[in-house]
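Shown here is one chain on its own, the form predicted on its own, set out as structure tokens.
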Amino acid sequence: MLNKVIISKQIRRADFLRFMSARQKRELLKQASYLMGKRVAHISAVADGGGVAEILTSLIPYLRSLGVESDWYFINPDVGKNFFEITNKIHNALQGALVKISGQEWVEYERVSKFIAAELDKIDCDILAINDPQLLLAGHYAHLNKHKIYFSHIDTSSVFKPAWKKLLPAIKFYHRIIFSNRDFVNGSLPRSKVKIFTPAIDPLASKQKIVPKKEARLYLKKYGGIPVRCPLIAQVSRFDIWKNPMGVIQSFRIVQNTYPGAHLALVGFNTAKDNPAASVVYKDIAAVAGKSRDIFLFFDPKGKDVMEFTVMAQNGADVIVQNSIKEGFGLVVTEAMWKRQPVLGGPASGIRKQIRNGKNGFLVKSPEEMAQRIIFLLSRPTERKRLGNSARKTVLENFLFPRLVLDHLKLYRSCLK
């Protein structure tokens, strides 16, 4: 039911401490000293694809470098018939979709969760950290004598109440409940257990590298067929109704009235095994895009280096958009901002926590407004540069990984107290 993620990557403290102030360094090392000899186990749905996997890929080496014993496990993709289809429904319901989940589906979710819980019980740890609703019930059933933390990485500001009511007893059972945004906290949760952790990106990760635009465009031409010399708009995000790629295409068609040579890239490689609905959304988008030579869809990862292609798309685009309706935080926004890209963000609360309208990017509410802002940025490269520099500074000050690691250390210690 569970597989262990083997992480051979090692980092040195000095590599990331340089991103912290002297006060933060002292606090980080002090908190780490309290956790010497303690073991933390993180559990997630998948080991690849999505923001949670990216966070854990960096978090485990950071914790180990500080002397905190840490491991990471994920659900075996063959866990059970329809399990991920069911948890995808639960995921959408917690984000507000009016989804019908049958009694039989709830029974299957509970059945598989109990099997997973039996394997969780075998893991030697002091703190068990459960990430997202796929494992919510399994964590509830497991490790009654352990300190348990539930990390909710999604937008639960307007939950579908029947699903929330069903899961609420399990959520309340955890010792700590972590959200990425205060707006996502449901009023029925015990406030003493709730903590807010703003996500962050790892400045040491190869995904965060900055590449000259010319080099990035040549790469996109070679591996994606995108012309080198054309205005390029890109959204880097999985094919998901909440990311609203259909709205991006609507905006792009308006932009073409002013920039007929513009091209659009929707980069959403299907690497996460817990999102079976992605294929349906992709097919819908492909049908709308038709045989347009100016719209490029990237879904099948076969034959491509997904990480490298993503990096090149974020560096090579003239304008980055993230048109999400719902977004736990939106690390792809943070990544683009770190690369000095001004991002056009949709109405999702997680994005509004990062973009200050007109200061380091723009927030938009409709396809028409997005199109206007794209045209504005394409016609004003100096303004793009100003906003991009401000975006980079925002991430440097607020959304880098060493700060998130300190948040985790404080959380673990608060549990053990």
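Fair warning: this is a prediction, and the values are worked out from it, not measured in the lab. For every residue, the number given is its place in the sequence shown, counted from 1.
Just so you know, the form predicted together with ligand UDP exists too; it's not on screen, but the next bit is about it.
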Inset, instruction - Given ligand UDP in the predicted bound form, answer whether the residues Glu54, Arg238 and Val267 all have a heavy atom inside 4.5 Å of it. - result: yes
Legend entry - Stretch from 328-336, 244-252, 169-177, 217-225 whose residues place a heavy atom within 4.5 Å of ligand UDP in the predicted bound form: 328-336
Inset, instruction - Identify which of Asn181, Gln314, Asn323, Thr156 has a heavy atom within 4.5 Å of ligand UDP in the predicted bound form; exactly one of them does. - result: Gln314
Legend entry - The single option of Thr310, Asn92, Thr198, Gln256 touching ligand UDP in the predicted bound form, heavy atom within 4.5 Å: Thr310
Inset, instruction - Give a yes/no on whether Ala286 approaches ligand UDP to within 4.5 Å in the predicted bound form, heavy atoms considered. - result: no
Legend entry - Gly388, heavy atom within 4.5 angstroms of ligand UDP in the predicted bound form: no
Legend entry - ligand UDP contact at Pro61 in the predicted bound form, heavy atom, 4.5 Å: no
Inset, instruction - Using the partner position in the predicted bound form, report whether Gly50 sits within 4.5 Å of ligand UDP, counting heavy atoms only. - result: yes
